[in-house]
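Given next, in structure tokens, is a single chain: the form predicted on its own.
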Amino acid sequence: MTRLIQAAFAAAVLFATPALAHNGVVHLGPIDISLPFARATLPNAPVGGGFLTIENTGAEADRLISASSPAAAEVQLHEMAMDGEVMRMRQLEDGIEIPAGGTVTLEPGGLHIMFMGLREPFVEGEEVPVTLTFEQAGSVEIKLPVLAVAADAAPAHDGHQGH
């Protein structure tokens, strides 16, 4: 009987809190999301970028299939890549694969989250909420801290800062 109660409690905790954060890392099943940030935008800028690192600790690949945010009319997953001599940006209609046991970094000049039709400028020091949806792991809302206009990476968090 005690094991049944323990199992029921564990299941309740699992379903009530599917995404947990520890040391700035958000856990969604086998998916770990870390180092999120967005760049501040200029006033009246129509678009903004979001960046983060996704690690899949599971045995099966997963796929980031969409993102949404109340901060923009539309949110897409994009890639910047060289096409001959020209750098081009394109929407990734099929999302971004996160290989089993692999890590994918969304960063300036590469894969990123594109916020289109900003409702307000992204202001340094504020946060941008975004919901990420994975094919297998489900959905999770995270907040992207807004860094300087030219920021190219979130500060590393090793859990020992100031200690």
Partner chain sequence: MTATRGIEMALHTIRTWLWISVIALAVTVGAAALLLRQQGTTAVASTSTGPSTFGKGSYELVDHRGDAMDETMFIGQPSVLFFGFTHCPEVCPTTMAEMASWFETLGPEAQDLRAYFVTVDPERDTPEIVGEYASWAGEQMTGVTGTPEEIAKIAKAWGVYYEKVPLEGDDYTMDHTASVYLIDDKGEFQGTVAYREDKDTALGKLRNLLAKS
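Since this is a predicted model, take the numbers as computed values, not measurements. Residue numbers count along the first chain shown, from 1. The term rigid core refers to the maximal set of C-alpha atoms that superpose within 1.5 Å between the two forms.
Form predicted together with the partner chain: not shown, discussed below.
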- Message: To verify the annotation, which of these, 58, 138, 129, 108, has a non-hydrogen atom within 4.5 Å of the partner chain in the model of the complex?
- Response: 108
- Message: Residues 74, 85 and 114 are flagged as a possible site; in the model of the complex, is every one of them within 4.5 Å of the partner chain by some non-hydrogen atom?
- Response: yes
- Which one of these stretches, 130-138, 95-103, 24-32, 40-48, sits within 4.5 Å of the partner chain in the model of the complex when only heavy atoms are counted? 40-48
- Item | Core fit, then residue 81 C-alpha moves 2 Å or more between this form and the one not shown | yes
